[in-house]
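Just the one chain here, the form predicted on its own, laid out as structure tokens.
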């Protein structure tokens, strides 16, 4: 749509002496409906339409953004980016060569949210609410959400790419109170597709049912024992370790600055041979489908750890140039008003050859945990994570539910203790959350199978 104007701007940048320039035009919409105890507490739609422009001059990168997509507005932003780079001056920033993604389309979307009425979208949130109340939910919040965008990227060297983004989802939160105790349950589902995705296991009713069941179990559960023990993580919690604890360590902007403990360790054994971790633009088992990153580079499956050996890092065009490697399609921006930085996409542990039941039966004493509930992570891999639900395991059997479990350790130590991995890979995403980094938000997918760490520190009751 903006190809002719972009071509003229790139010529102008070259005439100014820029070694690289990039124009990224985006039109994005975010939709949200929230129903709280039967009342619509939020119904919003936000559209962001504009362009972000980068100019590399004298080894310094300048960035400027504008919502004025006229030729004059775009030229003004280009000149602002150029003057920023010129003012900084004297740097050594570069961008690696990359093949443009070309023109990509998601395809197969039957009921795009842009073509559906608000009545239908509101009904999705209300259906979840009605089911939760029907089951006995006392305090219930349900949500419908969607995000969709069209992006065009033009850059020096005849680089052209255009692609779509799409994410829809539904969530439910249920609170139960009984005899002075409170039980909380939450479920959120999402994926790339139209409203037709929200059926079966992803229907509003199924989501409400899962949230209620979790709230009921949370109400019945007790704090876990404390100390070091075997810990089995189910797919949602496994994904938190893949993304939060490990994935950030592989982002190349952390690596080349030396902030990551994985610096200089490619080819080194850093985990047990049971561990394979991948970051991919999309995977048929779930997550968000990202055809290209925000630099217009086609996404690809990037193996980070293969059978315990560190095999790769995640790269934007800039970090790839810095480290003499190839871009992996991980240059992502929150929206047109932000410049691309290295970000994850769908990050997950790959399947093993156990079943979940086999792992439980093989565990003498430990916990099986689900429903992640936040935590803290440091760039050296040290983590403190919370899991809302699980079961105590004794002699291969689930003996009683536990709640509000705290896990602490270092991911590079934990990876060496992983001794059993199941085949039940699940990759989850949602339009209600995401990953924050450098002041930017990005939609991501995360997951994996059920797996066991033979030893992990658990905070609970002695």
Partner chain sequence: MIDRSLLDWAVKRALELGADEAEVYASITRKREVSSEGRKLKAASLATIDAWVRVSTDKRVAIARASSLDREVLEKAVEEAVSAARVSERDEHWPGLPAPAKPLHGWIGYDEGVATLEPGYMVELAKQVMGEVDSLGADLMVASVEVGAYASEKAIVNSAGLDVSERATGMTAMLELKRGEGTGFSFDVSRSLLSDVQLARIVDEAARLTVDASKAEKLGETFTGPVLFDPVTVAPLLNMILSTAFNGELVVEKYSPLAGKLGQRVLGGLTLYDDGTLPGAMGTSLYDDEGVPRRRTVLAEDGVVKAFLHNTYTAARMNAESTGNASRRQKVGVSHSNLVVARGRDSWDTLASAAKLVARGFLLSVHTVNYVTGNFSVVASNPYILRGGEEVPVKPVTLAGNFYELAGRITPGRRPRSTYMAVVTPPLLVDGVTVSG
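Numbering follows the first chain given and starts at 1. Small disclaimer: the values here were computed from a predicted structure and weren't measured. By rigid core we mean the largest C-alpha set that fits within 1.5 Å across both forms.
One more form of this protein, predicted in complex with its partner chain, exists but is not displayed; see below.
**Residue stretch of 189-197, 353-361, 154-162, 176-184 approaching its partner chain in the predicted bound form, non-hydrogen atom distance within 4.5 Å** = Comparing against its partner chain in the predicted bound form, the contact stretch is 176-184.
ask   = So which of 427, 393, 405, 414 reaches within 4.5 angstroms of its partner chain in the predicted bound form, heavy atom to heavy atom?
value = Selected residue: 405.
Handout entry: Exercise: residue 276 in contact with its partner chain in the predicted bound form, heavy atom 4.5 Å
Key = Flag for residue 276 set to no.
Can residue 322 be called a contact residue for its partner chain in the predicted bound form at 4.5 Å between heavy atoms? Judged by the heavy-atom cut-off of 4.5 Å, residue 322 is in contact with its partner chain in the predicted bound form.
- Message: So, residue 96 and its partner chain: in the predicted bound form, are they within 4.5 Å at any heavy atom pair?
- Response: No, residue 96 stays farther than 4.5 Å from its partner chain in the predicted bound form.
- Message: Would you classify residue 83 as touching its partner chain in the predicted bound form, given a 4.5 Å non-hydrogen atom cut-off?
- Response: Flag for residue 83 set to yes.
Its partner chain in the predicted bound form: contacted by all of 47, 139 and 388, heavy atom 4.5 Å
Yes: each residue has a heavy atom within 4.5 Å of the partner.
Practice task
Would you mind checking 36-75 for residues with a heavy atom within 4.5 Å of its partner chain in the predicted bound form?
Solution key: Result: 36, 37, 39, 40, 41, 42, 43, 44, 45, 46, 47, 48, 49, 61, 62, 63, 64, 65, 67.
Check your understanding: After a core superposition, would you say residue 386 shifts its C-alpha by at least 2 Å between the shown form and the other one?
Key -> After core superposition, the displacement of the residue 386 C-alpha between the shown form and the other one reaches the 2 Å mark, so yes.
Spell out whether the Cα of residue 375 moves at least 2 Å between the shown form and the other one when the two forms are superposed on their rigid core. After core superposition, the C-alpha of residue 375 moves 2 Å or more between the shown form and the other one.
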